[in-house]
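One chain comes next, on its own, written as structure tokens: the form predicted on its own.
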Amino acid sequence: MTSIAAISSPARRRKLVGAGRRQWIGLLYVAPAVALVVVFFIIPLCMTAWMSLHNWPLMGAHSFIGLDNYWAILRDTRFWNALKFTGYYTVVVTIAIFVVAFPLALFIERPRPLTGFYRTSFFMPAVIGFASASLLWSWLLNVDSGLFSPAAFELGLTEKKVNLLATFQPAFWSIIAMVVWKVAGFTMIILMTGLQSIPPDLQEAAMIDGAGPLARFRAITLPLMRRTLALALILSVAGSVLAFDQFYIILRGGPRNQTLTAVYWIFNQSFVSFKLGYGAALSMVLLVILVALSLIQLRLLRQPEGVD
């Protein structure tokens, strides 16, 4: 017994040393990612929370004011109007994106002639940055030198060149069209991966049992795509709540400040009025709202118990 213990004790020590070494190697691999998260998320988040408790002008000394900035938010009707418009925009654009992206995902999911071409073509707008896409559409929507309005006039579809950005409804739906064109391809790829993860045997068995396309979609496709739908929905909602570039570059908040989003108002207070403390408080409120929305979506689209 003594000899066995003597042999196993060094082996156990070597095993523990090897496990510890592997653990340190694993920590070394994740250290750069942890450092990036700490430097570019945790520290800025803490600084923003600290700034929100101060009267923090761009120039001059800042002073601690406690929760005064948050009390001021309750009386800021412009912020609540911007938040209301952001919610309306988020609902409309999210529905529009999924209405376009889901049929495209179904179309490109199975191999067919030119599938690679279709996938690339539909996805290409997602590669363009929002600022660049907004500049492109700003030109396309220009009443004089753009494409849409002059083309409609030349084709006889309108009696004169129509300024699509002069009134709320045409301007709003122009932004919706631009965002769907830009984002639908990205959402399509996410949904396509979910469709491809569904076992073909289930679809074939349902077809043998006489289930039609709509029944298979409702009973098989949607339930098995809960996680994929949750991911796509959270990304879409988060991006819509944080919308800024397209409204700033194309509309400048117009017409008549009717398209001010929450982030646009935060930008206005922070970098136009130079109320950095108040802008930080607005950012913290928007962060809480965004986290709450994400949790609600995860709750609603949670995988049922017992389903992998």
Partner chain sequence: MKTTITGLAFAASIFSTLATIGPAAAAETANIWVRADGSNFMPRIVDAFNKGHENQIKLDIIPNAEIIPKYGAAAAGGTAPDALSLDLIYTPSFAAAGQLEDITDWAKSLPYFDSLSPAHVKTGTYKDRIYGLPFSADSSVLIWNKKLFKQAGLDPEKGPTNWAEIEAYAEKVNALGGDIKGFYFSGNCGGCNIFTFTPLIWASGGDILTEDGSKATLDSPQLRGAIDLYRSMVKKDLVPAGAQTDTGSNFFAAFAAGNIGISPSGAFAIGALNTQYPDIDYGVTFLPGKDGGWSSFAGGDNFVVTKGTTKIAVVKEFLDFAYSLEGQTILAKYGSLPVRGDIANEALKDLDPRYKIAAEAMAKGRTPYSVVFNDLINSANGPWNQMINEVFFGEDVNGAIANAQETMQSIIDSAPQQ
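Positions refer to the first chain, counted from 1. These numbers come from a predicted model, not from an experiment.
Keep in mind that the form predicted together with its partner chain is not shown, yet the notes after this line are about it.
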### Summary
In this chain shown alone, the residue from V30, V38, M47, L58 with a heavy atom within 4.5 Å of its partner chain in the predicted bound form is L58
### Summary
Checking R218, R110, K84, R78 against its partner chain in the predicted bound form, the residue with a non-hydrogen atom inside 4.5 angstroms turns out to be R78
### Task
Please state whether all three residues L165, G253 and F271 have a non-hydrogen atom within 4.5 angstroms of its partner chain in the predicted bound form.
yes
### Message
Please identify, from 259-267, 38-46, 278-286, 66-74, the stretch that has a heavy atom within 4.5 Å of its partner chain in the predicted bound form.
### Response
259-267
### Query
Is D201 close enough to its partner chain in the predicted bound form to count, meaning some heavy atom within 4.5 Å?
no
### Query
Might L136 be said to contact its partner chain in the predicted bound form, defining contact as any heavy atom within 4.5 Å?
no
### Message
Although the partner isn't part of this model, could you tell me whether I234 comes within 4.5 Å of its partner chain in the predicted bound form, counting any heavy atom of the residue?
### Response
no
### Task
Evaluate D144 for contact with its partner chain in the predicted bound form, applying a 4.5 angstroms cut-off between non-hydrogen atoms, and reply yes or no.
yes
